[in-house]
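Single chain ahead, written as structure tokens, the form predicted alone.
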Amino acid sequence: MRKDSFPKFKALLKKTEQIAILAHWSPDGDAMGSCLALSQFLTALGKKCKVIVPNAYPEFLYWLPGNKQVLNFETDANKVSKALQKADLIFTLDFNSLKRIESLGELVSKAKAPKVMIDHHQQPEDYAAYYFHDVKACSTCELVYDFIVGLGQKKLINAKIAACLYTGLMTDTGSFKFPSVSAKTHAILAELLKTGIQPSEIHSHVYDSYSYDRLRLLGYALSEKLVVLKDHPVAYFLITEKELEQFDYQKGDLEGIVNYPFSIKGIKVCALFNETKDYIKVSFRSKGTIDVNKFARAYFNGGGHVNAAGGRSDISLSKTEELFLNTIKTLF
């Protein structure tokens, strides 16, 4: 845990007017939920905020309050550059290395404004001036909630902010089933529900908005692409770019697929390798004390949490599979 004091944050915000809030590459529910919640909170304090993403995020998150004001670096590079130049404070949420925002990282590192990291991933880098970091938190949205409450501003958490926070808490815990869920998680949820949000509606926005092609892709992955190892309690998927095109792949269509093999009795590690135009995207999940964070850092240019991590491979899909099979024993 690495946290600066609330008096220090209060003093920092008091002298701040223009704020940039950044999510990681390929933002997920926790990244967007935490960024949009923080943005609305800081706006309520009278600050001018810009939420910035390095690239597109899934359409099933477009309903989130504040979504229409998000700047995408891939399509709005000039606006993003100006926002960073104007900012007198930069928040980086749900990531702890500037590598996680790809080419946007160079602009952020050059920006004169001090950086604040709010994150729950392991081994944070030292690019920030201020930290609100705790690996025990189930999500970055949990930390944003703590941040708001710690500043003495719990009364500002309205239904819009609560919906964003609930989304991050829900998606980053597998709908509250992962080991990271604690009594504190449920206590926060209880407070959020007091704002009038409807959990069933939020769940429906995120999980009941599949396209026909996305559902077909899931069926194809499970029936044709799932590999279960005989020597280790491991299951994985290898999906080519051509196969994704076959199902009119859209951002987010592979979300959650990596977890499905856990329904097979005895499986303790799941992996997904999907081909993109530039590299192989890698996702790992595990149960118990099996540390896929260290594994991803060691072999796949990535990292994350003990039980959930990601990375990338710059070799072919077949060579990536070979690397995985040759190194998987190190997990056990």
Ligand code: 5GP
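Residue indices: 1-based, along the sequence shown. None of these values were measured; they are calculated from a predicted model.
Another form exists, predicted together with this ligand; not displayed. Remarks below refer to it.
J.: Check K281, H305 and A309: does every one of them have a heavy atom within 4.5 Å of this ligand in the model of the complex?
T.: Contact check passed for all of K281, H305 and A309.
J.: Can you pick the one in N301, N67, N55, T43 that has a heavy atom within 4.5 Å of this ligand in the model of the complex?
T.: Selected residue: N301.
J.: Quick check on this chain: which one of R100, R214, K115, H133 has a heavy atom within 4.5 Å of this ligand in the model of the complex?
T.: Exactly one listed residue reaches within 4.5 Å, namely R100.
J.: Residues in which of 261-269, 44-52, 282-290, 58-66 have heavy atoms within 4.5 Å of this ligand in the model of the complex?
T.: After filtering at 4.5 Å, what remains is 282-290.
J.: Taking only heavy atoms into account, state which residues of 105-143 are within 4.5 Å of this ligand in the model of the complex, ordered by sequence.
T.: Sequence-ordered list has one entry, H121.
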